[in-house]
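One chain comes next, on its own, written as structure tokens: the form predicted alone.
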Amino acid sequence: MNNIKKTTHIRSNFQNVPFWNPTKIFDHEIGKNIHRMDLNECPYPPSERVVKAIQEAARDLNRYPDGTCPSLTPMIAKDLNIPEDTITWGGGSTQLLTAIAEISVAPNQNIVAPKLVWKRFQGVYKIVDANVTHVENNSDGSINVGSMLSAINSDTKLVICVTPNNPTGLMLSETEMKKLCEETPDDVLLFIDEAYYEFAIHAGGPDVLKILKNRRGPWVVTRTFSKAYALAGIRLGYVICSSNEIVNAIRMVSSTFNLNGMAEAAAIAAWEEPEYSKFILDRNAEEREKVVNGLKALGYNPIESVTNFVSCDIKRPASEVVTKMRERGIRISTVGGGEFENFIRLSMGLPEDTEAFLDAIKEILE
């Protein structure tokens, strides 16, 4: 018998929705040295230059910030060779995911997206009350561009693609990206989430923005300062749009004061210090290689990620291993259910985090 109470004061798509807090510290973790390898965070703090910029900006926290980032926007526009009025900002790219769906998809209209994709998108689908066509990934976890395009129908308003994808860490090739841009219909908004853009470029990946500029139809691409710039706590992301009309629509569904007062100053300092970002990317690649080689030495075949996380089929229920790892003070996560229920995912950390993980996973799996 179904005992779930129905309500009338909340829209049906928001009823009985559980809350999951990914940053929750559990009782057995309090006061202990925890290896945080579950949230794809940068293990290094912001640079001293960024910290100083934040401290100076704190003097003006009695004032509302300008959410258009008037000093940072022209810097990014110049470096990326795009018009200033095609950029807008959000509280991390996470806020922008929902905004993009809200401006393009009405309830019961269609979204096409990979089946295996960042979990936050499930919440986005629910918020806009969309009909979603979940396209099966390839057997290796990569996005099947051909199947994505075939899934588009006359009711499709938004196509979502994440490259590199979370939770696989795999990116689209230049050929795949061009095919997606050229063959997505001109009346459908093509949304490319590039939260791990810097990692893809560091690994020799294609320039997605350059490809998107040649698309006839509308498009948006989201990026963030959370990962390669060590600013996850500042919560600053941006979206580059094919037109100013899309920018203004996103601004309409965002809060007027959606950024914190220190975000722009911190991001400017980080943007002007590319050598620190390169340091983060270089160290990340080193630890990723250690993790991949360590898992291979145990007889497993991890996905060849280009990001700051690695996923791997461990041939047994991943949730059980995640629990045992957490008992040892090492926080990792699962990839998802279905055919990926045996996959763990872990973020790259400091060398001591890598060592702790490899020692523990060997003990648990053996």
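For clarity, every value in this text was computed on a predicted model and none was experimentally measured. Throughout, we count residues from 1 along the sequence that is shown.
Not pictured, yet referred to below: the form predicted in complex with a small molecule.
Colleague: Name the residue from P114, G141, G169, G92 that puts a heavy atom within 4.5 Å of the small molecule in the predicted bound form.
Modeller: Looking at P114, G141, G169, G92 one by one, just G92 meets the 4.5 Å heavy-atom criterion.
Colleague: Can you pick out, from S226, S104, N284, T184, the residue that has a heavy atom within 4.5 Å of the small molecule in the predicted bound form?
Modeller: It is S226.
Colleague: Heavy atoms within 4.5 Å of the small molecule in the predicted bound form: which stretch in 263-271, 170-178, 93-101, 292-300 meets that?
Modeller: Comparing against the small molecule in the predicted bound form, the contact stretch is 93-101.
Colleague: Wondering, does R235 line up within 4.5 Å of the small molecule in the predicted bound form on heavy atoms?
Modeller: Result yes; R235 sits at the interface with the small molecule in the predicted bound form.
Colleague: In the predicted bound form, is there a heavy atom of the small molecule that lies within 4.5 Å of any heavy atom of W118, even though the partner is absent here?
Modeller: W118: yes, in contact with the small molecule in the predicted bound form.
Colleague: Is there a non-hydrogen atom of I250 within 4.5 angstroms of a non-hydrogen atom of the small molecule in the predicted bound form?
Modeller: Contact check for I250: no, nothing within 4.5 Å of the small molecule in the predicted bound form.
Colleague: V135 versus the small molecule, in the predicted bound form: is there a non-hydrogen atom within 4.5 Å?
Modeller: The answer is no: V135 has no heavy atom within 4.5 Å of the small molecule.
Colleague: Do heavy atoms from each of V162, D193 and Y196 fall within 4.5 Å of the small molecule in the predicted bound form?
Modeller: Yes, each of V162, D193 and Y196 comes within 4.5 Å of the small molecule in the predicted bound form.
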